[in-house]
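Single chain ahead, by itself, as C-alpha cells, in the form predicted on its own.
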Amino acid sequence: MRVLLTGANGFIGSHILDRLVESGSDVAILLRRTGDTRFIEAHLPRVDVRYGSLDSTESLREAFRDAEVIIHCAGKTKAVRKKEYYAVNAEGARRVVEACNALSDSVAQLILISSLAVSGPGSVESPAREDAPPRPVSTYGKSKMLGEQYVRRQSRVPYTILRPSAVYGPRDRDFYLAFRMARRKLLPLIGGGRQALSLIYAADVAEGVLRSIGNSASHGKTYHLAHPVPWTQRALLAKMAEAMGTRPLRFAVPAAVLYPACLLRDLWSRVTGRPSILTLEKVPEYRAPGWVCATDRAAEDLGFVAGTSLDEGIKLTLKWYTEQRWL
C-alpha cells in the first residue's frame, strides 16, 4: 500500500515519516522545492520525493498519482496575518480533497491531521468530545475547522480526521521556548498556571496515524489523539525544570499584562515578517480554563492509547535539544 504524506518536513510530519519508514511502508512525500529538509534528510534516499504545492490542485493530482492513502499533515500553526491560516489550513485542505476525488479510483483513504483547537476548550470534569459541536476560539482553530468541513462535505473517498492535542517532542520550536525559559530559571504562569492541558508526545501522534491507515472502522470519523492523563500548566513547567535540574522563579502573568505583551509581539511580527505563538489571536486560547479532551474513541476504534508518559517524553525531548545544541 503506497502512502503519500504532505508536510513531511514539518515537526509532526517528520515524526509521522519516521514511523512510516520504520514500519516498512511504501512512502511518497510531497515537498516544496524550497522546503527545509533538515529533519528528514536521512529518509530522502528511501522515499519517493514528489514536488508540488497546496496552492495547485493540478500539482496535487500529479503528486497523488498511484497513492492509495493520502495523509494530509501540511498546515500553518503560526502566521503574521489571519488570511494565511485560511489559505493553507482551509483552502489547502479543499484542494487536497479535489485531488483525491479526481483519483478516487486509486485513493482508498484520506487522513486529515487537524487539531484539538477545532474542538475547543475542555476541562478535566468536562473534556472536549469529538461528537460535540466545534468551538474554536482562534483563527487557527477556525481555519482547521473549515478544512475539516471541506473533507466531510466534499470528499468522495473514505476519510479519517485526527485532532492531536498539544504536541511536544524533538524538533518542536514552540514548547522549546518553555524549556529555554526553564533553563533561564524563569517560569511565567498564565492565570497562575492552573490551565489543564491534554498533551501528546510527537512519536505517539505518529503511532495514532499508523493505526488509522487502512482501518475501515475509522472511516467518516474524528478522533482526538492525546495522552489520557492531563497536566496543569504549572505542573508541566515544573517537570521541565526538574528534568533540567533547575529551580526557577515562578511568577504569575495576569491578563492585564498578557494583552499588551501579545500586542507588541504582533506588531514586531508584522515588522519582521516572522510569526510568533505570542499573539492577540492566541490570547483566548491562553485564557481558556483548560484544553482537555476525551480519548476513549481512539482507544475503542483504533486500539490507540498514547504510551509515552510526560516524564519520559520530557526527558527524550530535552536529550534531543541538548544533543542539537538548542539548549
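Just so it is clear, the model here is predicted, and its values are computed rather than measured. Don't overthink the numbering: it's just position in the shown sequence, from 1.
If you look for the form predicted together with a small molecule, you will not find it shown, but the lines that follow are about it.
- Residues with any non-hydrogen atom within 4.5 angstroms of the small molecule in the predicted complex fall in just one of 149 to 157, 184 to 192, 69 to 77, 237 to 245: 69 to 77.
- In the predicted complex, no heavy atom of residue 58 sits within 4.5 Å of the small molecule.
- Remark: residue 223 does not count among the residues lining the small molecule in the predicted complex, judged by a heavy atom distance of 4.5 Å or less.
- Remark: residue 178 does not count among the residues lining the small molecule in the predicted complex, judged by a heavy atom distance of 4.5 Å or less.
- Shown alone here, residue 167 lies within 4.5 Å of the small molecule in the predicted complex, counting heavy atoms only.
- The partner is absent here; in the predicted complex, the one residue of 35, 275, 289, 284 having a heavy atom within 4.5 Å of the small molecule is 35.
- Between the small molecule and the residues 233, 115, 109, 139, the one pair within 4.5 Å by heavy atoms in the predicted complex involves 115.
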